[in-house]
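Shown below, as structure tokens, is a lone chain in the form predicted on its own; questions about how it binds or moves come after it.
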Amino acid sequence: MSGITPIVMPKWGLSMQEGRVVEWLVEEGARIEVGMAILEVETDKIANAVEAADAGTLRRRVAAEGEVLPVKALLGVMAGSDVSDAEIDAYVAGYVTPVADEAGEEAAPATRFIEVDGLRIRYARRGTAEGTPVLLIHGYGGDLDNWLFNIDAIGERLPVIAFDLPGHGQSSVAVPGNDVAALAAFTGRLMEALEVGTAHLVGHSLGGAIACELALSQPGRVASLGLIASAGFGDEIDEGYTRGFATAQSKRDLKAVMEMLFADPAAVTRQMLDDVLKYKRLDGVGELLGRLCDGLFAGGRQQAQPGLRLAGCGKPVLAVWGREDRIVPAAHAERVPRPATVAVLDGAGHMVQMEKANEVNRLILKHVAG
């Protein structure tokens, strides 16, 4: 119906099927601008705000707070003053939530596995078939779900691959070495196994340092660098997080550590904690995280700082931080060698790619478009 813009339940990540409406953040009749937070939604992975993709006036809040709805279900309606209430009533009454096939979603498995150097690595491949791929590299203690707000948005323009680093997520509980250089060399071999010659590397935290090291050691594999709250630009890193994540055994202890990642600690859900505890209780994970922590962050300091050597590398660089980052200081953005595009976003912590997903996605897509 002309003049009506639906607000629908987003699909965040590869496995999301439904979300719960936690709270509306705007009233009916409010003027909505692009990027404005409209309502809070909680999934089994995380709680976050649904941000407006279009501007308009919120004419109808369709979904009730507390209601659980499938992906693409109608949450609200935006329309101009020229659209009557009767037209909006008819639109809401006639709206049909698309099923998976109608929404164009792939029937392929959400993730796959590949063996590299004897290690079983989980990965997800999405997006278009043409163009230089974007390779998403998560950080210490994370997994490919750290990109759940980013992978589909990037995939609308380019092929995109996310994977679990060795020793993380559902990959083998083993690592090729306990330093950035070893993890970067392994990432290059993974690219070869996936038949990816060159990629735009987008790395978060430790993943950013890995991306920098790979750009320096194997420049032919790297088209550009997108660095999100990146390690590798200075000594400072919060040892309370790095060591705390390695040693936390109870949900209570882990919750305190995980909340350090976000500007808004409410983003940490029970399911997120359950998923991380399940991973941490796998045989060998605690010892592996301890060894990695010793190798990467001995003495509470970053042992490798490849980002400081990027000057003259010839690669386009995007660096994004959350201003309230408690793990890697946002002040490190000032140390990114120029020329580079640098953005420090308010209202976000270390997981800025989750907390400010729309803005980060826009920056990444503009960056890789070059």
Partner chain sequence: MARKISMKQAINEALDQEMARDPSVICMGEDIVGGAGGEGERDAWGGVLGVTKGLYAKHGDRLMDTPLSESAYIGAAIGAAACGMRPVAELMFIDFMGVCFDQIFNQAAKFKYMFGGKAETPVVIRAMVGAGFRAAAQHSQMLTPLFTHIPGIKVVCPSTPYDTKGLLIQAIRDNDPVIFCEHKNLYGFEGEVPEASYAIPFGEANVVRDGRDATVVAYGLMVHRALEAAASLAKEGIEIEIVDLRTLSPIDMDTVLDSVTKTGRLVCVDEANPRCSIAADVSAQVAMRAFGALKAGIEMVTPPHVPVPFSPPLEDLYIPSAAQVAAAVRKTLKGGRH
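Residue numbers count along the first chain shown, from 1. All figures in this text were calculated on a predicted structure; none of them were measured in a lab.
Keep in mind the form predicted in complex with the partner chain is missing from the figure; the text below concerns it.
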Answer with yes or no whether residue 192 is in contact with the partner chain in the predicted bound form, where contact means some heavy atom within 4.5 Å. no
Taking the partner chain as it sits in the predicted bound form, is residue 282 near enough to touch it, meaning that at least one heavy atom pair lies within 4.5 angstroms? yes
4.5 Å heavy atom contact, residue 84 to the partner chain in the predicted bound form: no
Any of the heavy atoms of residue 170 lying within 4.5 Å of the partner chain in the predicted bound form? yes
Which one, 243, 291, 251, 112, lies within 4.5 Å of the partner chain in the predicted bound form by heavy atoms? 251
Among 117, 235, 179, 274, which has any heavy atom within 4.5 Å of the partner chain in the predicted bound form? 274
Assert contact_stretch over 216-224, 203-211, 274-282, 146-154 against the partner chain in the predicted bound form, heavy atom within 4.5 Å, equals 274-282
